[in-house]
Ligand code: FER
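As a starting point, one isolated chain is supplied in structure tokens, in the form predicted on its own.
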Amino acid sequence: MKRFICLLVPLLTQLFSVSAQQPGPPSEGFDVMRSGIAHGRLDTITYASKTVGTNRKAVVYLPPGFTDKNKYPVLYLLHGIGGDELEWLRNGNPQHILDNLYAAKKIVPMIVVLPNGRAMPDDRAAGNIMAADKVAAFSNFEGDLLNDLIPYIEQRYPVLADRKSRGIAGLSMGGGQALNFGLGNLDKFAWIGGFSSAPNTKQPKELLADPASARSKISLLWISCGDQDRLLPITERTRDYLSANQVPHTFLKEPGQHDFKVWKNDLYQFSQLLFKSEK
């Protein structure tokens, strides 16, 4: 019996830490604009933030063929500590990645919201981005997201306003936000992704205090990091906790450092898994 248990534990760890549904790495040109296919649309929005006390900006990607007659799930895609609502567009080409995946019929039509995750009156990525008030503003964004931005999106766009139709993901500082806010608000989000998550990521026991309850609520929990990234131990400690507590998740350690080569690959793979299954 003891020998059987010793054999079973590694198998369970593998089951809960590796997903067979990973799409695999992209082919060359996955992130460039292609002619001859339908393209999505980018809207720049301004919403009133009671949390911050100012009007704030975000960018909204609407999928090819978008129509008000349909209702769409929504992904909130967050930037890093040195970025803003334009960082993904400047460096990651998410609109091209998604357009190309739509053309290949690999993803579910969705709206993607690119907010500014630095919730403070002057939310520019300027000066000392590591200043205490600017770092704190990334934590404060939770209130802005839940109480101001999400209601605005749900009032203005035809979206499915339930937890199983709402996802959150981000890179670096935004990866920590996505894990903190997503796992901390499983009544709001069922699809969660942390790409190269930064030290703002909560300690595992605080991040997911009740693993048993979370198992039935999470549709997808994706955690990934480059194998040469100095922040890899943060992702690995989260993976180890999830595996030990039998919380299903997808873990990807991929070739690369702390940069957009990794994060573009993450978005390519993660987006193909979104909104395709229910628990």
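Keep in mind that what you see is a predicted model, and the values were worked out from it rather than measured. Quick note: we count residues from 1 along the sequence shown, nothing fancier.
Quick note: we don't show the form predicted in complex with this ligand, though the next part is all about it.
Partner proximity in the predicted complex, defined as non-hydrogen atoms within 4.5 angstroms of this ligand, places exactly one of 70-78, 167-175, 119-127, 88-96 at the interface: 167-175. None of 220, 52, 58, 231 but one reaches within 4.5 angstroms of this ligand in the predicted complex through a heavy atom, and that residue is 231. The contact with this ligand in the predicted complex, taken as any heavy atom within 4.5 Å, belongs to 198 out of 150, 198, 101, 110.
Contact annotation: residue 264 falls outside 4.5 Å of this ligand in the predicted complex, judged by heavy atom distances.
Under a 4.5 angstroms non-hydrogen atom cutoff, this ligand in the predicted complex lacks residue 186 among its neighbouring residues. In the predicted complex, residue 135 approaches this ligand with a heavy atom inside 4.5 Å.
Of the residues in 255-277, only 258 comes within 4.5 Å of this ligand in the predicted complex through at least one heavy atom.
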